[in-house]
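Take a look at this single chain, the form predicted alone, given in structure tokens.
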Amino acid sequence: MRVMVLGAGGMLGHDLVATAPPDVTLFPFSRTQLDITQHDAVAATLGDVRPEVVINAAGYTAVDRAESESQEAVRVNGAAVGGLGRMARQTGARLIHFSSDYVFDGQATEPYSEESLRHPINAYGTSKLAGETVLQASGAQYLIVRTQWLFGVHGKSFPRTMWERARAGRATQVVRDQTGRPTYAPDLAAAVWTLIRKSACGVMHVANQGEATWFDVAAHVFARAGRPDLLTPCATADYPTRARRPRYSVLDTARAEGVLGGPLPKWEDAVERFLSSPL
């Protein structure tokens, strides 16, 4: 199987490349090698590579900055994705694309299913919704994987920041009134390869098992560093950010688990593996 990976230099892209099955012929491209907003260059590369599957792990991910760069966020997360979809349709490739829990408003009291009403409350979420919409209208064969609270060894992430603060002995406040499902990039990548092999399509939610608040994650990390005394909880109102965050954006992963044959590992286990890796 010939697979082209866009955004291969990013956190998730790196792990998708690292976990690729041995029978896959991989064509990875970082943003500097191939920018998904450069339509002609992408089209030419698709024509050269002729992949059966295109994985789009590229995206605009600066949630707070998107509030002042909403057009750029939509250009990358929306318009470019629509272009990829149309090119995939023309070449007969299947397109795997990643979206976010931020397409939801966080007002729910139970996990969001794939069919739940999408109603983003920040510019980043709006740009991700735009990408979903144009891809679904493109006529391409697609799989949209919604995930959340992604962390990994490559690049910046919340657990890494907490680890660095704990090791540096810095007192830290973390919100405990936002709830989601922390997701480890290597676990997500491995699941995506299984979904590709099983020809999954449509929309699927994929995240590590178990709910947590940001404070829960931080507490796990600070305890591992032997400095739980440095950590105190606070409310979202005490820690204002430019972009509003969903209060409860837990994803229901039952559909993906049915295809995968079970859930991903628990988030606590994932954080332990992350902290045991070279940071």
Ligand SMILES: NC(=O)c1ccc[n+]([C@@H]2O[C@H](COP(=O)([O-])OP(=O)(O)OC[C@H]3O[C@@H](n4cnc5c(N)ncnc54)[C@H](OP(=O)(O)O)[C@@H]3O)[C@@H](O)[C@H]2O)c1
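Every value quoted in this text rests on a predicted model; they were computed, and no experiment measured them. The first residue of the sequence shown is number 1, and the count goes up from there.
Here the subject shifts to the form predicted together with the named molecule, a form of this protein not shown in this document.
Select from the listed residues L230, A225, L34, V49 the one whose heavy atoms reach within 4.5 Å of the named molecule in the model of the complex.
Answer to the contact question: L34.
Non-hydrogen atoms within 4.5 angstroms of the named molecule in the model of the complex: do V5, F27 and V54 all have one?
Judged in the model of the complex, none of V5, F27 and V54 sits within 4.5 Å of the named molecule.
Counting only non-hydrogen atoms, choose the one of 192 to 200, 165 to 173, 129 to 137, 95 to 103 that falls within 4.5 Å of the named molecule in the model of the complex.
Contact criterion met by 95 to 103 only.
Test of understanding: in the model of the complex, would G9 fall inside 4.5 Å of the named molecule by heavy atoms?
It does: once the named molecule is placed as it appears in the model of the complex, G9 has a heavy atom within 4.5 Å of it.
Report yes if any heavy atom of A218 sits within 4.5 Å of a heavy atom of the named molecule in the model of the complex; otherwise report no.
It does not: once the named molecule is placed as it appears in the model of the complex, A218 has no heavy atom within 4.5 Å of it.
Give a yes/no on whether N122 approaches the named molecule to within 4.5 Å in the model of the complex, heavy atoms considered.
Judged by the heavy-atom cut-off of 4.5 Å, N122 is well away from the named molecule in the model of the complex.
Since only the chain is shown here, I'm wondering whether Y112 would be in contact with the named molecule in the model of the complex (any heavy atom pair within 4.5 Å).
Although the named molecule is absent here, Y112 would stay clear of it in the model of the complex, with no heavy atoms inside 4.5 Å.
Any residue of 154 to 179 with a heavy atom within 4.5 Å of the named molecule in the model of the complex counts; write them all down in order.
If the 4.5 Å heavy-atom criterion is applied to the named molecule in the model of the complex, 154 to 179 yields nothing.
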